[in-house]
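Each of two forms of one protein chain follows alone as structure tokens, named structure 1 and structure 2.
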Structure 1
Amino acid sequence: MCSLLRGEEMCLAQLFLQSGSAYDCISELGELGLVEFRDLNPSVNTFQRKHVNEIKKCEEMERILGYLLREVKKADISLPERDVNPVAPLPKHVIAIMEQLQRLEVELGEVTRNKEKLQRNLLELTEYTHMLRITRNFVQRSAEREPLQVQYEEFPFLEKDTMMDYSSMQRLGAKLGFISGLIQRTKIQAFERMLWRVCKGYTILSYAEVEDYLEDPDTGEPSKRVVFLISYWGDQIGQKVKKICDCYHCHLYPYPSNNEERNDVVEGLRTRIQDLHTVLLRTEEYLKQVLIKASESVYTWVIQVKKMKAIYYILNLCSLDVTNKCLIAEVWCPVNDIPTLQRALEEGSRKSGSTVPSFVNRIPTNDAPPTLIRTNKFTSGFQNIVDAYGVGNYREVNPAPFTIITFPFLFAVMFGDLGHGTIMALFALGMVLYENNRKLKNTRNEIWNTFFEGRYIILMMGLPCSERRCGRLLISMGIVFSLWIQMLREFFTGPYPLGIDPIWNLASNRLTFLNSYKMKMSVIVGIIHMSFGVVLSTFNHLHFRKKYNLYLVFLPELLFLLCLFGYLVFMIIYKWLVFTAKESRHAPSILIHFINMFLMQGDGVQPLYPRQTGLQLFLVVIAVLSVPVLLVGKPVYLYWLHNGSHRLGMYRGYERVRRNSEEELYLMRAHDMEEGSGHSDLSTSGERQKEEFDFGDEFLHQAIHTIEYCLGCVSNTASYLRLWALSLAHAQLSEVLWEMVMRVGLRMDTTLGVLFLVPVFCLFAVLTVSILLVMEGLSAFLHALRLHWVEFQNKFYSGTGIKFCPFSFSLLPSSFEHDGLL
């Protein structure tokens, strides 16, 4: 419990790692995740560090692994179960893994290249067949016209020619040349235009589309292609045509000179395509086998390489000692874990078989240690809420344990609805019960993850709702309970087990009553919450040994709050207790009394109780007096301490020798700083230096704090009225939904009405869940969050610490996960 309240006690420790066993020791530590390493050579560039070559090797392996994973994914082979957690491989085993990986890469590369080549071949052959098939029609149609109308390539298409033998054309033009091939459909227009321009029309282009989609060998996407046939005169033009074809990435195929040849080629192609198909099939099978074999161990390798790389990163952070025999690492470690740390080091040394043990040595420091607050799956949600505002200073009071109680409470006040709360609690309960479900855990949906992470918060938020407050949802059933607390009970004749008397729903002044009641409740809750925050600050003052803060800061703050707003709470409760329902007509207004208290008049109004004016005067005077105390008390006291600190210095020097725990040192340093004399380098030289105490600075800070606090008391109290506002909004919204949707369905009294009720209820349910549960729930959550962050935490929590992030393999992200390969 103490660790949840204050966080773990931390210490700075030096690890002396024998160079032979350093790797194993770090590996052990990485598995445990105990310590946070500090960089001992921050001035050295990444590529100048000691283990940069090993890291490069790891990166090379990662590259191959990435390649393997991509191939495996492409082949649609699922990776085996991922529950394995192999330890980091020993340096001597790394070479074996590396070799295996390289062999796999080479093999895979060869097979893939082969496969691609085969596929390309196949594509070419297919294209060739298409071309032969289609161009046959061109020739038959256009043969006769060609010699006559060279300029107009379209003309031959316009008329159906008489069938003519191909050989007759050969006789006509000895120099007639043909180029034929395939081109992307999108490019054919531009191709035709350029051909026309460059060759001045001395060519004939005929083309037709291939019906099938052919795969593009470069991109792998299926695309439409066009078969074309260019007939041209002369070699010069032929050169140009060829160049243009190149430019448009046409696939050119030899054009057979006569029909027999064509038939031969077609025949030959058919057999070759069949052969290729079988070979391709074989290759694919083989590829699949290789990949399946690789996929069995690829995940293990990924983990191993990741761990190894992390270890070398850590080793790069260490520095060598003078003798070059051992590495020195500096770590932050929880004090309680030091024995575990020692054991881990022993284990590491034993594994590597080194004779000289590695050991831990605590060293004193005056750096602020990082904050570690151990959480479990229940508290982590609430801790996250606090951390989102700011990570606490080292050993500062942590608001999280109180948030666990107050957060759901404030949420419930705003979301107060028995029915809705139950639905939400059930939803969260479902998530809690199935929290071990792999599918839920590993989902990538961010929104879902947010809810899942907060499942315990939602559960906690749902429960008090169902316990405490009312439901418009249940109005129809006549079991309307409303509102919170037992205090109200004597107000009514018969006490209700929970909530407000449902008969109020029929009263004409229902809203007036509920509003005034909720408003007062909000103020009461708010003042209690804030006072609690102020009281919590004493824990900090006492722990950090600033007793003077207790008298000079805490006391005036509390007096100011209680004398003004505490008195308001008193008046509210007093009025509830003293005035019964019958006298309520004559009950005085608290607001008027409160205003009069400040104006110091009130002779005109009837007092609430005897000697009211005197007491009020007294309270106001105390509150006003506490402001200057708060404003100047602390700076003046520190100034006095500073001027009289010469005598005190020796005493503290003695004290320091006696206590040697880091925390004490840290605290003392903070203490000294406050008093105006700090040590610049306490742990090493112990030399003391006077630090300038700046009274002006201190005073300015205190002035800001005072103004903030005093104004904050007013504005924060007003801020708690959001409890009332949101609760009202929720109630009204549910009522509107009920009136406008469900009522309409219920009003029909024929048998048809029953059928009509089904869609109406569906609509009602959907709207309830989406608006009342999700939207209103989020808004109530947001406001509860604000009340905690601003109104509660600014009373005692500074939240300027650094989070402890231990070196742990399980926390390291894998680069492949980022790419979505795993």
Structure 2
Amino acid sequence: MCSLLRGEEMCLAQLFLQSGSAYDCISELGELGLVEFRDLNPSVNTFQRKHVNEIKKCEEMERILGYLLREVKKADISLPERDVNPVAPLPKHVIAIMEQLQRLEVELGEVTRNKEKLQRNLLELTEYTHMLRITRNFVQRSAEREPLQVQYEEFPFLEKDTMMDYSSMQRLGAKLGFISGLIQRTKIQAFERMLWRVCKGYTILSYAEVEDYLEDPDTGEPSKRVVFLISYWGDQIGQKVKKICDCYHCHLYPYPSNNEERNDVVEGLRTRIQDLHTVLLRTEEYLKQVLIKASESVYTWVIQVKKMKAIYYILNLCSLDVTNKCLIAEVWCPVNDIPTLQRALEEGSRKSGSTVPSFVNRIPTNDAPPTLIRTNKFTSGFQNIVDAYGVGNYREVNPAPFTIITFPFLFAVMFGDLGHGTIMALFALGMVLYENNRKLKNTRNEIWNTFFEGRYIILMMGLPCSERRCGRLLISMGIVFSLWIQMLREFFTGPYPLGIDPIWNLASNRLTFLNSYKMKMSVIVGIIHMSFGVVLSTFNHLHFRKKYNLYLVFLPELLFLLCLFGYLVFMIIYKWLVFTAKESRHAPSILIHFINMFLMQGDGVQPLYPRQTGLQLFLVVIAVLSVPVLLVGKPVYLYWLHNGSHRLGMYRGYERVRRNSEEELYLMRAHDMEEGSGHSDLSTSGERQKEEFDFGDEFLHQAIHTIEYCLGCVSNTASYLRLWALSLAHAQLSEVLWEMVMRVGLRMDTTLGVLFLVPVFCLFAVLTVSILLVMEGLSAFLHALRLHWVEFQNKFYSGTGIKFCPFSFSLLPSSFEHDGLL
């Protein structure tokens, strides 16, 4: 709980790694994920570092593995289970892995190219067969029409459509030529128009569509093709026709001159197609065997190459000592994990067989450490909500433990409904029960991944909604509470002393009463929530040893909030407790009294309690006086601290205590820095204090904070009215949906009413899930998120820190997973 509340204590350490064991030591650290490495060569170009060639080899192996994975996925071969987690290979084994991958790539490439070539040949032969079969019909139809033509026509082919008339062209002495082939169906009309415009009627085009779908050799997708036969007049026209065919990417095939040649070609094509089918089948079987063999080891190779590349990348961040026999690395590490880090270095040295062990040395630093907050699968979702606002500063109070409680509560206030909350809780419970299912975890659907990562948040949001309306539902059941009601009537003759009377559900002014009640409850919840955020700031002031903030920041903020808006809560509760139902119509207005409190008036208004005006005047004076204290108190104190206190020898006791050495003083200041002391608390001398402190900057920063806080108390209090607004919206939408959809089906008392009720219920269920659960749930979620980010967290949480990113193989991104290959 301490780690979740404030984060782990971090330290900067130096790792002294022997050259022979550095690879194995970093491999051990990558498996554990303990440390975050710093770059000790920031001025060195990436391509000028020591292990660039090794990284290039890893990238080449990644390229080959990507090719293998794409081929395996194309062949629809499943990869083995991903439970294996091999260690990073030794540098001497990298050459063997590289050779094996290259040999597999060459073999797979040759087989794939042969398969593609065979498929292209098979496609060409199939197209040629369709062309011969369809063009034979063209010639037969032309021969049947030949006896019907007049013997002495000068230009008979100009008076026909597109039907061929070869004999007429031959009588004119033309040198006929034929071009036949296939074209895509979408291009045939444009192709025909182009032939007519270019050749001016010296060609005759006949075409017919192929019944079967033929595969496109370029895209591999099936498409419709059209067989065409062009007869042209003269060689020049023939050249133009060929150029047009090339422009439209037509597949041209030779056209037989007579039927005997055509039959021989068809018979030869039939034999070649059968042989190609046999060869192609064996090629595919061999290719599948190669891919199955590759798929057995490809996942292991992917992990090994990823780890190896990460190790060399980390080695490039290290620096060599003057003897070139030792590598030095700087890491951020949790203090509690220092012994584990030392054992990992010893294990790496043992595996490499090094005689000189590697070791770790903790060093002091003034740099701000990164923030590490350990989470589990339950708290990680709530921590992500906080980190989305900003990563907390080092050792700053973390809002996540409190968000686990307050976030579902505020969501339930806005979304509270027994049925809807139960559906949401059951949906989340199903994801929780099957959270280890790989199909649910390893999906590329971003929306589903968002729901799955937040399954515990959804579960926690659904349960309070069910509990909140469950009590209201039970109260409305007279049978369950009849004994309780009878017992209350024996003791109380009037309305119930606590809670809301169920009879309000039948009242005509129910909505007016509930709106007033919910508005006041929203203000009460908001003031309590913001006051709790202000109180949490004390933990930061005490931890960072800034006790002056308790008197100059925390106390004025709390007084300003409670004297004004805390008093508003007091008046609401006082009016509820003092005035009965009979006296409520004569009770004074809280809003009028609150306005008169700022106007210093109240003589003409009925007081809420005796001596109210004096108390209100006192509270306003306290609130007004807290503003200048908050505005100038801290800057003036820091100015005095940095310019006058060192002369009295009172600066944190350093000058009053004798030091045996400068090293002891340096270590104590480093300890204070690790404990969180700011720049205004640490300094090496009075001169450095004067150089670092700027009264103008500090005053401007405090002025902005004061204005933001004072105005924010007003706007933030009003912002909590969204609890009332969304609660009202959800209740009214539910009621409207029930009245206009479901009750329409229930009112039908005929026989067809049962049949009509089924589609009505389906419509009601779809609208309930899409509008009331998804849209309203998302709206309530976003508003609860805003209340935590703006109204609650800004009272004590800055969120300007740096997240701790350890070097861990499990956290390294993979391009194969991003591309969907794994």
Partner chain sequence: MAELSFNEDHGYLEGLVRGMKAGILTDTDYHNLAQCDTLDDMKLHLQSTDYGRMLSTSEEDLTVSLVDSKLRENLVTEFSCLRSNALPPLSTFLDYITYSYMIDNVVMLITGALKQRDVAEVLPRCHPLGAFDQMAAVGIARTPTELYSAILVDTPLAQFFQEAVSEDNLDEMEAEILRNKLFKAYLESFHSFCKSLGGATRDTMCPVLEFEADRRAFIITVNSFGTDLSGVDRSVLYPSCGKLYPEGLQLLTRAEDHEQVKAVAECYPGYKIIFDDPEPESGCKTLEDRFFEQEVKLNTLAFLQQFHFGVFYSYIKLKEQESRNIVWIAECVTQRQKSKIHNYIPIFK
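Note that the rigid core is defined as the largest set of C-alphas that superpose within 1.5 Å between two forms. Quick caveat: nothing in here was measured; it's all calculated off a predicted structure. FYI, numbering is relative to structure 1, first residue = 1.
Peer 1: Please state whether structure 1 or structure 2 is the form predicted in complex with its partner chain.
Peer 2: It is the first structure that is the form predicted in complex with its partner chain.
Peer 1: Quick one: once the rigid core is lined up, does Asn258 have its C-alpha move by 2 Å or more between structure 1 and structure 2?
Peer 2: It does shift by 2 Å or more.
Peer 1: If you line up the core, does Pro635 shift 2 angstroms or more at its C-alpha between structure 1 and structure 2?
Peer 2: For Pro635, whose C-alpha is compared between structure 1 and structure 2 after core superposition, the shift is less than 2 Å.
Peer 1: For His277, is the C-alpha shift between structure 1 and structure 2 2 Å or more after core superposition?
Peer 2: Yes; that C-alpha moves by at least 2 Å between structure 1 and structure 2.
Peer 1: Looking at Gln236, what is the CA displacement between structure 1 and structure 2 after core superposition, in angstrom?
Peer 2: Comparing between structure 1 and structure 2 after core fitting, Gln236 shifts 10.0 Å at its C-alpha.
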